[in-house]
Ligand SMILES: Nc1ncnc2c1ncn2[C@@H]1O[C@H](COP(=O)(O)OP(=O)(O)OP(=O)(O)O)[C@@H](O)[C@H]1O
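Let's start with one chain on its own, the form predicted on its own, as structure tokens.
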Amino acid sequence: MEYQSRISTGIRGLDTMLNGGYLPQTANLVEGAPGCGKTTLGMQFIHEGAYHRGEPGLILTFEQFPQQYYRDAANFGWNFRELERKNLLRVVMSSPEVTKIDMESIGGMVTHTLREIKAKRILIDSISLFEQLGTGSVELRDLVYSFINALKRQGLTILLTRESSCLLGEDTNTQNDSNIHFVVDSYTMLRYVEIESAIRRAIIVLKMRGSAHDTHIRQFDIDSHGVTVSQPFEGQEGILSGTPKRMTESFIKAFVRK
């Protein structure tokens, strides 16, 4: 399996699903329900680059104050303040309106910060609020496309989080969905699922432009070290519905077990 020229997420199981990691200078969307781990996954991606690979990263947030990221990162043993002192990290809080103007201007705050630390990675947390700037589907698609391309021109590998309105099961609210999913290079979905009266987390890579990828639905957990992706769900069908059903033994023997 070819793992060269890939940008590691720092999550071994996810890197395996992505055939080694994200492709350089691509835009990668991670979508999921509130609290399912989108921001943690994004912070792990930034920490991996800054701490383990010397690749400075920027976290651009539209919702939380930087102090929240420092506290949350510390819970996983990631010292974001120390990385900032070493010019390997910046956490910037802005608004979608200001960021749009900033990226369209020369010498704006975001551009200045990216160049100051020579950033290689960026986390946008989250693109959901940015979408509110678009008044129609065509305008929204053009807006997000222009925003992503402006970041790519800076040589960045981009991770965008997006809130799903669905807590369990498939998201039936498809308004404006295609405008985001079509302009990104990869699309990863996080979901809560109920199995035998217990809630578990599921992850699946639905799209990865220009690369093969694992299409299994896998379980993932969040522990003291961050996100950990484990084996595919076996013996269950309807995982993305939120309430999977157990497969029959004959089906498992025929299509699941080797």
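Every value quoted in this text rests on a predicted model; they were computed, and no experiment measured them. Residues carry their position along the shown sequence, with the first being 1.
Not on display, but discussed next: the form predicted together with the named molecule.
- Only one segment in the set 112-120, 137-145, 88-96, 71-79 has any non-hydrogen atom within 4.5 angstroms of the named molecule in the predicted complex, and it is 71-79.
- The shortest heavy atom separation between residue 36 and the named molecule in the predicted complex is within 4.5 Å.
- Using a 4.5 angstroms limit between non-hydrogen atoms, residue 222 touches the named molecule in the predicted complex.
- In the predicted complex, at least one heavy atom of residue 40 sits within 4.5 Å of the named molecule.
- Within 4.5 Å of some heavy atom of the named molecule in the predicted complex lies at least one heavy atom of residue 201.
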